[in-house]
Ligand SMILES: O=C([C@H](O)CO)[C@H](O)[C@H](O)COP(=O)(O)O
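Given as structure tokens, the chain that follows is alone and in the form predicted on its own.
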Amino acid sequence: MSSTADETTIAPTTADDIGRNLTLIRDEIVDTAAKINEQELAALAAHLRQPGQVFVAGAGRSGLALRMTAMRLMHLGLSVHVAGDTTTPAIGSEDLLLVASGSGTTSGVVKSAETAAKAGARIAAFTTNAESPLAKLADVVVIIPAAQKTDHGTSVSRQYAGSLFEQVLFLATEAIFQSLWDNTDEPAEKLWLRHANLE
């Protein structure tokens, strides 16, 4: 691989490199997911069962993980919207805003939560920081004990930036979906009928 002044030189990657890092990532995910308070996840699941629409808001890779969550909740038959999409309606007092920010300070996410709070909506937040502005706005908080993306060199994770938070966020939301689905009588075939057919 050639490089210029603005490029990074990357040495050849071996199968041993890949194996070592698969193990690293797997072990970090398993360790961190095991530390999540399951009662916090259950409390969030209870909010999803209440009447009203569900809105999701997150930035960057956390936002992408929440988009995946939105899709699964839609498969369950919930009315779900992604903040910022052109067809997303106004949030109201019976609705739930589901947000994620590792630091709990991401400006756009905090602003969404402030707007939801003013509208009287409920707020559920995933974060690493229980004392963050986002956590203080939320009705239910799930703490993911991962490194924040600016914690370079931390002992919590050897992965780059907020990777561990985002990975465990995905697992946590999948566990909520699976648990909600387990408590319905809907077969997978019925959920599949709700899957997008304009792809």
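Heads up: residue numbers just count along the shown sequence, starting at 1. Here the structure is a predicted model, which is why all the values come from computation and not from measurement.
As for the form predicted together with the named molecule, it is not shown, yet the points below apply to it.
K.L.:
Using a 4.5 Å heavy atom cut-off, indicate which stretch of 137 to 145, 31 to 39, 55 to 63, 170 to 178 touches the named molecule in the predicted bound form.
P.N.:
One stretch meets the cut-off, namely 55 to 63.
K.L.:
With the partner left out of view, is S163 within 4.5 angstroms of the named molecule in the predicted bound form by any non-hydrogen atom?
P.N.:
So S163 counts as contacting the named molecule.
K.L.:
Any of the heavy atoms of N129 lying within 4.5 Å of the named molecule in the predicted bound form?
P.N.:
No, no contact at 4.5 Å.
K.L.:
Are any of the heavy atoms in T106 no more than 4.5 Å from a heavy atom of the named molecule in the predicted bound form?
P.N.:
Yes, T106 sits close enough to the named molecule in the predicted bound form that at least one of its heavy atoms falls within 4.5 Å.
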